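Presented as structure tokens, the chain that follows is alone, the form predicted on its own.
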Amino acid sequence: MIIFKEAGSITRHLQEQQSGGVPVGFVPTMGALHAGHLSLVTTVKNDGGLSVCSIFVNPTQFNNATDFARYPITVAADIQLLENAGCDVLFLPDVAQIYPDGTILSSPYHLGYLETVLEGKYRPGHFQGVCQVVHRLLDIIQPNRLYLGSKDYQQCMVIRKLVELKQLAVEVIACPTLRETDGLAMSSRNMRLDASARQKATAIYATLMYIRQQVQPGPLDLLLQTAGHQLAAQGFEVDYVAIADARSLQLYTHWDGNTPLVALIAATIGGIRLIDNMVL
């Protein structure tokens, strides 16, 4: 695995690879890697591309300074995991490489409805920061394909919107969420859970399964209310339990029985905020 820390150097290297007919598959991360990240690298390789991963904890997408300060940094272990997974190239920049002109966003991304609901509502400014860093990384890496994990369902939709807005020549591929054996969605934040919170965290998956089993055409209010109560009973502080159109993220309180749906949850346990979703 080749490690680059300078934007210009990795851009030149990847352009040389692409000029030889090698497609580039890109997996952006903030480190603290787990099997979910590594599965994306494996997917890139299975698709026949040069696997490129980045590790950069982006300050502009944290609307909570404490959350940013506490984000786990495990670079040495991450490098070893990527080498073991057969990753070809790692981009390991500092803030100056990503934001040479400073972190202030000069022009906002017009994300519309997507930025007003769920994560957009509870984390104002978050998706502007996501678009800011992804746009910059795509400019540096210039990949043929961008691989994302579906655990961040709304974020995947936001990044597709970014690609559309900026007319970027990259294919966005959302890969299935990887879960622990007890159903908990793999996440870098999981390593911050203490033993008690880790045990209780499985209630999110159980609640999503409950929604999937119980959802019926007609009113959804009672189902959503019951699901929220289930989480609260386990000690969660619930931001939202929602059912939405899987294609547009339009929130539903009544289902026609035909529209494809996704259930989404954000809740905090032991001071750690977790998100998950399930296509119904």
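The first residue of the sequence shown is number 1, and the count goes up from there. The structure displayed is predicted, hence computed values, not measured ones.
Keep in mind that the form predicted together with ligand AMP is not shown, yet the notes after this line are about it.
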Ligand AMP in the predicted complex has a heavy atom of only one listed residue within 4.5 Å, and of Glu119, Asp152, Asp88, Asp78 that residue is Asp152
Note: exactly one of Val215, Leu50, Leu249, Met30 sits with a heavy atom within 4.5 Å of ligand AMP in the predicted complex, namely Met30
Is it true that Ile3, Leu14 and Ile141 each have at least one non-hydrogen atom within 4.5 Å of ligand AMP in the predicted complex?
no
If we take heavy atoms and a 4.5 Å cut-off, which stretch out of 236-244, 251-259, 32-40, 219-227 is in contact with ligand AMP in the predicted complex?
32-40
Although ligand AMP is absent from this view, report whether Thr177 comes within 4.5 Å of it in the predicted complex, heavy atoms only.
yes
Considering non-hydrogen atoms and a 4.5 Å limit, does ligand AMP approach Tyr210 in the predicted complex?
no
Check Leu148 for me: does it contact ligand AMP in the predicted complex (non-hydrogen atoms, 4.5 angstroms)?
yes
Do Tyr113 and ligand AMP come within 4.5 Å of each other in the predicted complex, heavy atoms counted?
no
